[in-house]
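Let's start with one chain on its own, the form predicted on its own, as structure tokens.
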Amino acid sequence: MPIRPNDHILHKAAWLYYTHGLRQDEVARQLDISRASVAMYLRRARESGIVTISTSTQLFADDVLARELEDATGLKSVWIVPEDRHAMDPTAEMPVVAAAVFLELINKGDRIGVAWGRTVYHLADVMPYADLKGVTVMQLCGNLGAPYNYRPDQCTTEIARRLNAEGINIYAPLVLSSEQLADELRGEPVIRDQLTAISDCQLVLYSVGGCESDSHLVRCGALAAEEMQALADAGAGGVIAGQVIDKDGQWMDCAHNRRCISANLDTIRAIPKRMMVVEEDSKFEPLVAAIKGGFASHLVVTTTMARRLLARWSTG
């Protein structure tokens, strides 16, 4: 089983103290907790045997992998869903783990930005109900006009409903027919204020899309398959909140992006907690691009994906 979200800080404290050799006050500063809390976590780690992570025992193999991946990539926190024969199907377990992590990251009064897609919708579908009045859930990008599952408004509304929070939808299309029309719509006070308010978010939840011919942008009709192929040929690496990024995680200056109604990517990068959940092995390269671009601080992935990421960063 993966590390329980509520025990994550315990493992982090033990890793920093026993593996990196930080003093208790240094661990406290890095984790933004009191020194007394660090001492308590280390005592619990010794009692439960977590300190044996330094010897990479099989019991904590995935936890060691998570800490190594954090060290290599600079990600703040990584959660790993195992795929061995003793574990549940990771496609069923992933949303459950991610939903628990997501709830742990929310603080009273937070504003949360939410994107769209199958992964986010599945997370919302299994999220337990909570009473988080004072929390606001904001849609990160415009909506899809054609009937399509996992729409941005569906994801935002369902997560807000599960949290008993306020939900704010963007009542504009994701992609406009012309750049001029997109510019004019972004300038409308309601849309402008909604997009600007995303900068006040403390947490963002999303996955990263691919640039293949059957990607979400193609299936929802935002791009034709040949247009997506042209973007891929031009160096596209993935999709964040409906916008195309290159292989280094930078915004691509292309007609599609200029016609998008979506949060500014620099605004998203500046949000303190950027939680990314990736289920499919096929999203490895898009995930690499997203991490390079600074779009993830908290990551939930499978063991296979974590090992591939660590190997990529180990080889430069």
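Start at 1 and count along the sequence shown; that's the residue number. Owing to the predicted nature of the structure, the values given are computational and were not obtained by experimental measurement. Heads up, when I say rigid core I mean the largest set of C-alphas that superpose within 1.5 Å between the two forms.
Not pictured, yet referred to below: the form predicted in complex with the DNA.
Residues placing heavy atoms within 4.5 Å of the DNA in the model of the complex fall in a single listed stretch, namely 38-46, out of 66-74, 279-287, 260-268, 38-46. Using a 4.5 Å cutoff between non-hydrogen atoms, R23 counts as a contact of the DNA in the model of the complex.
Although the partner is absent here, Q250 lies well away from the DNA in the model of the complex, with no heavy atom inside 4.5 Å. Residue contact check for I33: one or more of its heavy atoms lie within 4.5 Å of the DNA in the model of the complex. Core-aligned CA deviation for E26 between the shown form and the other one: 2 Å or greater. In this overlay on the rigid core, L16 has a C-alpha that sits 2 Å or more away from its partner position between the shown form and the other one.
Cα of Y18 to Cα of E104: at least 3 Å shorter in the model of the complex than in the shown structure.
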